[in-house]
Ligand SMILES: Nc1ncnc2c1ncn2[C@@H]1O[C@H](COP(=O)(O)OP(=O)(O)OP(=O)(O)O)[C@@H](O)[C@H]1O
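Here you get one chain, nothing else, as structure tokens; it is the form predicted alone.
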Amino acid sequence: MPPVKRVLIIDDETSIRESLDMYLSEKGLAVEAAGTGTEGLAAYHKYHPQVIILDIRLPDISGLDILKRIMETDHDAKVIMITAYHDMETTIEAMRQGAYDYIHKPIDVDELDHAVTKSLHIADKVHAIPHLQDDQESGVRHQIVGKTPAMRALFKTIGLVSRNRATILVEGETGTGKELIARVIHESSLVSDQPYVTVDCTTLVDNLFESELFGYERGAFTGAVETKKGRLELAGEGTILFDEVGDLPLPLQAKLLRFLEYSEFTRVGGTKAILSQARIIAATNRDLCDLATQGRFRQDLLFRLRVITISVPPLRSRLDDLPELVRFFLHKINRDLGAKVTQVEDKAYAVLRNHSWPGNVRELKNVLIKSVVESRGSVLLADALKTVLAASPRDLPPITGLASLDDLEKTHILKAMVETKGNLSAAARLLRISRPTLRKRLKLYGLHQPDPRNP
């Protein structure tokens, strides 16, 4: 027969103590009650209750002070604060100090019952579930986690490419860790002491590309008051990552290709050719072959980039890595957020396996952070994961028979042009883009260019 679960009530109102004692006893719980803070602390140390129902305002000691002392004794203690006062500061302070819940008087029996039941459930798990082993490698700057065959093959590939300086294309869905892989390749190489530089291709614009990438000489243009090194020069003999290279506009693709062909560049406004010895890595979440077929990515640039191709598997295809990933992220969450989650409910892994993870490892990390906050204790609960996942955006259905994003953008631009009667400036304002960008889009989609006399 399982031991009777114990609840301690600390409240100076006799009627509250008696009514809660009667209600909880009828549920089969062993109840102790105290009318002052001093009596409550003594009862806590004597009876070791799994749940404490604690009033904020007591005649001798503040409920917050008692909460602090209890949490110092046992950070897993489940303390449900009750109060007749509705002030923001006290609620925030109680939850910050580790209270499991905060319930206002007059007490809603259903709300209290839910809090007590869930607290007792967590208390059971604390003793029944083994603690996670802290096997994090100290000294490792960046770490890729996984033991499935696909990940073991990935590690071998990283080891091989770390020996040379061949150009690499890293392909994978959003959130799979492409940038992390690029960093690990750099840190595993013979030039790990050299710089690692990232270029976000989604933010590059035509008129700034060369100065950003190649640098510029003093006086090269208005505002160039001193010579500035570009990203390639800053990378030295290290590594430069072109992140989301599939989003690079066609004119900029041509400039990148010219650099890759000769491995040299000239600063804007300069005449001296500078040889680059940086290792080039490109990353993309798009199908570059498909883009090349559509004429939106240069075939010759694709050949230059994929000297070696690394394909990163999505999380849904390596679900056996979930336990190790969860352990890894919980360690980081505990360290970075000051949390103390050291156990995972068995059912939690079933919840994780049943999710399709469209956002991959990045989504898993975010879900775990939110679930740690929702769990409110040392055990990561399956219910907390369900709550967080239910509040997340639903998985998108397969895109079949729907218009492509390009078609949608083309239609949207066309509507704006019709709405503004072909006025380029007005259409750009309506679309919230610049006029040069709108002109590029019109040209890309073969739409009618406005009459130059109508700006």
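Keep in mind that what you see is a predicted model, and the values were worked out from it rather than measured. Start at 1 with the first residue shown and count on from there.
Omitted here: the form predicted in complex with this ligand. The next part is about that form.
I'd like to know whether A166 contacts this ligand in the model of the complex, with contact meaning heavy atoms within 4.5 angstroms. No, no contact at 4.5 Å.
Please run the contact check for T176 against this ligand in the model of the complex: heavy atoms, 4.5 angstroms, yes or no? Contact with this ligand, yes.
Is there a heavy atom of S189 no more than 4.5 Å from a heavy atom of this ligand in the model of the complex? No, S189 stays farther than 4.5 Å from this ligand in the model of the complex.
4.5 angstroms heavy atom contact with this ligand in the model of the complex for V373: So V373 does not count as contacting this ligand.
Just to confirm the contact call: exactly one of 296-304, 222-230, 379-387, 358-366 touches this ligand in the model of the complex at a 4.5 Å heavy atom cutoff, so which is it? Of the stretches listed, the one contacting the partner is 358-366.
Would you say all of M151, L180 and F329 touch this ligand in the model of the complex, counting a heavy atom within 4.5 Å as a touch? Result yes, every residue of the spot touches this ligand.
Just to confirm, with a 4.5 Å cut-off on non-hydrogen atoms, which of Q143, T202, N354, T271 contacts this ligand in the model of the complex? It is Q143 that has a heavy atom within 4.5 Å of the partner.
Sole residue of E345, E210, D101, E244 within 4.5 Å of this ligand in the model of the complex, by heavy atom: Of the candidates E345, E210, D101, E244, E244 is the one lying within 4.5 Å of this ligand in the model of the complex.
For the stretch 285-317, return the residues whose heavy atoms include at least one within 4.5 Å of this ligand in the model of the complex, in the order they occur. Result: N285 alone.
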